[in-house]
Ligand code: GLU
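Single chain ahead, written as structure tokens, the form predicted on its own.
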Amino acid sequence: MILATRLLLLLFLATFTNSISPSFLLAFDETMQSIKTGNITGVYYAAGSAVAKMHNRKLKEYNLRLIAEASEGSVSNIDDVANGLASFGIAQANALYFAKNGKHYWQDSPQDKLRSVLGLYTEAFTIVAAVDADINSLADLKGKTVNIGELGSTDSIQATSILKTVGLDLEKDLTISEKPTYEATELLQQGDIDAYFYTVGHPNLSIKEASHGDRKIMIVAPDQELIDSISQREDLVDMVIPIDYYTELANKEPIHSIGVKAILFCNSDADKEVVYHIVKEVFENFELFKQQHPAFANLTPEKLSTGLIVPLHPGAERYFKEAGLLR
């Protein structure tokens, strides 16, 4: 009985192997490298997928497949790339700034092997609040329940810094929730929180979903004085959040806020040819790349090659010089 079963199994395997195409078999021999992004509803994942799509158009020529991989975001992406657990990652410029200088999560442990590949879209510091919570400014957060993101996340670092800047004591003035940002929409709609902090590219699917809930929402604009003071830092800029995509949002005008660039980065020992080809394919298919997500619509070659915080990888530098974007 056992011998008969084995013979049948061998016959099945032989038949299966002969029936599949050579290209299917060769697919298992492809070299693959990952781009760590963020959760699948965010723009990081869309950006990583778009970069991979441009590169993989020449899959046979490069014999390398790039794959966008969901992750916990900037902090974990930086750690994974720095420790050789991922080839590429996407992170906020301020997270790369902290990592490079050994601050916050990387206190006294500067990450000096991080290298930039491409600047991507700009994310906005976004405060989503329930309309019924009567929050029209950052000062109005006093006495409210606010989600700032998981401890150690870039959302948490930024929210904590900004709340302190406007004079709010996290222990005395607020009830703080530290749930993952992807849970915040549900928490808000359930009435568990009044507002949440989210640094994200716009338009964003989770915010659009939140705006269609029973509990109406708005985006709270930071005070102009705060925007002016914070945007003096090299890793932050001022920007405007468009609202055309959010048809159910309570806001009727675009919101002035603080922006932080999302950057594709790698380790200093990443292969120069691989990095060169990634940058080359994004630039040579630039209009197609911009069509991959509405957040990319206003990108320019200059935005992709400037404000990159950490040193430029030699492979990216080579392309930028060839394209006349660097001297």
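Just so it is clear, the model here is predicted, and its values are computed rather than measured. Residues carry their position along the shown sequence, with the first being 1.
Keep in mind that the form predicted together with this ligand is not shown, yet the notes after this line are about it.
Given a 4.5 Å cut-off on heavy atoms, tell me which of 247-255, 121-129, 143-151, 169-177 is the interface stretch with this ligand in the model of the complex.
In short, 121-129.
State yes or no: in the model of the complex, is some non-hydrogen atom of residue 43 no more than 4.5 angstroms from a non-hydrogen atom of this ligand? Yes, contact at 4.5 Å.
Worksheet entry | Residue contact check: residue 183 to this ligand in the model of the complex, 4.5 Å heavy atom | Answer no; every heavy atom of residue 183 is more than 4.5 Å from this ligand in the model of the complex.
**Asked** in the model of the complex, does residue 268 have a heavy atom within 4.5 Å of this ligand?
**Response** Residue 268: no contact with this ligand in the model of the complex.
Review point. Residue 292 near this ligand in the model of the complex, any heavy atom under 4.5 Å?
Key: Because no heavy atom of residue 292 falls inside 4.5 Å of this ligand in the model of the complex, the answer is no.
Considering non-hydrogen atoms and a 4.5 Å limit, which listed residue (192, 72, 112, 238) is close to this ligand in the model of the complex?
Of the candidates 192, 72, 112, 238, 72 is the one lying within 4.5 Å of this ligand in the model of the complex.
Q.
Only counting heavy atoms and a 4.5 Å limit, does any residue of 82-118 reach this ligand in the model of the complex, and if so which ones?
A. Residue within 4.5 Å: 92 only.
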